[in-house]
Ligand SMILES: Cc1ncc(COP(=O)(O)OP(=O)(O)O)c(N)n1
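One chain comes next, on its own, written out as structure tokens in the form predicted on its own.
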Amino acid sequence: MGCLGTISYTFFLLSYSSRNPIRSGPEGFQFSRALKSSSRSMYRGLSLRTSMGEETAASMARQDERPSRGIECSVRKVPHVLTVAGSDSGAGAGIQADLKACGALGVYCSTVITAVTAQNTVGVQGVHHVPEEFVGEQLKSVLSDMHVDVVKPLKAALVVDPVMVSTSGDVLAAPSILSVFREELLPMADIVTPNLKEASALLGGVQLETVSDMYSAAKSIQSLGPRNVLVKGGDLPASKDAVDIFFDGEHFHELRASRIKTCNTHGTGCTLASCIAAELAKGSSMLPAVKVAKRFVEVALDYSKDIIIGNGFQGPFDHLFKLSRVCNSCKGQRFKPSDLFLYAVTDSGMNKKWGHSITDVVKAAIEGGATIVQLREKVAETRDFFKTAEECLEMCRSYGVPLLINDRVDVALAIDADGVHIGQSDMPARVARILLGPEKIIGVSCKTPEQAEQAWLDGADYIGCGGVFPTTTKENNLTIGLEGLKTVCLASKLPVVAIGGIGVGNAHSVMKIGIPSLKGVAVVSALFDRECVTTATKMLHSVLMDVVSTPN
């Protein structure tokens, strides 16, 4: 059973009608479209080719002539994706998957429904096609009122997921549809995302059984007109990884992720395409958008692998990471940006100075308000550190606070810690991600926008930016000041925690820089170079709370 289809408004009106039906309509074609308001001329030109005709073109034109509302210049524009799709009553694919995927990535999604299905995890029991004219009415209604968001300057983006062949191998599009697809839709596409069976259908039945075949297919499909191609290898025989091949017309990129063993895969194609569209609507370039989308699907599948919804062989997965598959009391903590609010970093030298044990100070910091803990140990033997880290992890789990290990991926793996924090001279984040898997938290120390960008591309969850101020805990540490912190925060696509010389006296000035990506402060001396760690933590927590509760 393939995913519930989504159909381009242009392609739908060119080819999906009562005179030329698609077999198993709800499986149809999918794409999500993000349009730039300033590209209306292109959009109007396309609409003139459809059966919506001159009336729709005039409606689009009138959008440009409307006087703007007085509040628009002062209200932040929300990234906006338009998706045209069928409705899945089981909510695993189609419109429902698009809405959930876009929402999870912080993007508004407007919709046009092409079909209503009676569908569950067992199969499709019924289909009601929405009349072509009413699909046009929905489009006119949305586009006459809403501005679908900017993707790139002076360019609209078309993300095409050609759901033409089901998971079981059934061909869902007649030869005439395939012809129109190749000749009409692909040349307009910014990216097309076929799986192996769909890529084979697009290429006339060529068998695709190896990664090398995928490279050839990506190049051949790109020659049909789309700017970019992502051939998805989820069904590649005997592959230990989920391998996708991305081709932009010049360069190939082999994208690998963990292969998640789960039956809850319904809607993965819809979700991937919608995530790509969402990232493009937020301003991302194509390859980073694809990487974010691929990782999102991987993490969602892993998170949802044990969820049971329905009795069929292909269940849905949880896009919003809210459905708990087991009791969290004995499991790790999923990362939330708010975890960075008061980030406690331990120091063995300070513990020795005050006669504190690591477990004692970790407990004290948590009770004082620390929201995440990092164990930093540079001198202890691995065996001793391992034992201490296990004790701290048990304590953190009992409080529901994530525990990260500084640098030592081996220790994090051995105790099943919640994640690691690594520096620029340590193991690359992309390698740590491969070793730790999709659910673990990875933070990276960064001083520049370039380093922040690389951390994002490598799959990190957050960055630690600094040192902001001079500090005694790290020798020869270049400070970047508040202006440097602002620069990195503005450039970062990841949540940021500021670190370096921060304490009660200056935490207010750090948090008041007012950049949304800055989520908190990471501190060492301000908490642990004190006789009473709990009191010190409470004081700093109070300062931070005053900042966030005081209007700018």
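All residue numbers refer to positions in the sequence shown, first residue = 1. Computed from a predicted structure; not experimentally measured.
Quick note: we don't show the form predicted together with this ligand, though the next part is all about it.
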Run the clash test for me: this ligand superposed onto this form using the site C-alphas, pose taken in the predicted complex, blocked if at least 3 ligand atoms lie within 2.4 angstroms of backbone or C-beta, else open. open
Tell me which of 298-306, 369-377, 236-244, 90-98 has residues with heavy atoms within 4.5 angstroms of this ligand in the predicted complex? 369-377
Looking in the predicted complex, any heavy atom of residue 266 within 4.5 Å of this ligand? no
Non-hydrogen atom contact residue 464 with this ligand in the predicted complex at 4.5 angstroms: yes
Contact flag, residue 389 vs this ligand in the predicted complex, heavy atom cut 4.5 Å: no
So, residue 507 and this ligand: in the predicted complex, are they within 4.5 Å at any heavy atom pair? no
If the cut-off is 4.5 angstroms on heavy atoms, which of these, 132, 439, 426, 453, is the one near this ligand in the predicted complex? 426
Which of 213, 318, 407, 190 has a heavy atom within 4.5 Å of this ligand in the predicted complex? 407
Go through 495-528 residue by residue and record those having a heavy atom within 4.5 Å of this ligand in the predicted complex; state none if no residue qualifies. 497, 499, 522
Can you confirm the direction of the Cα distance change for residue 284 and residue 447 in the predicted complex, closer or farther than in this form, given it is 3 Å or more? closer
Answer with closer or farther for the CA-CA spacing of residue 420 and residue 276 in the predicted complex compared to the shown form; it moves by 3 Å or more. farther
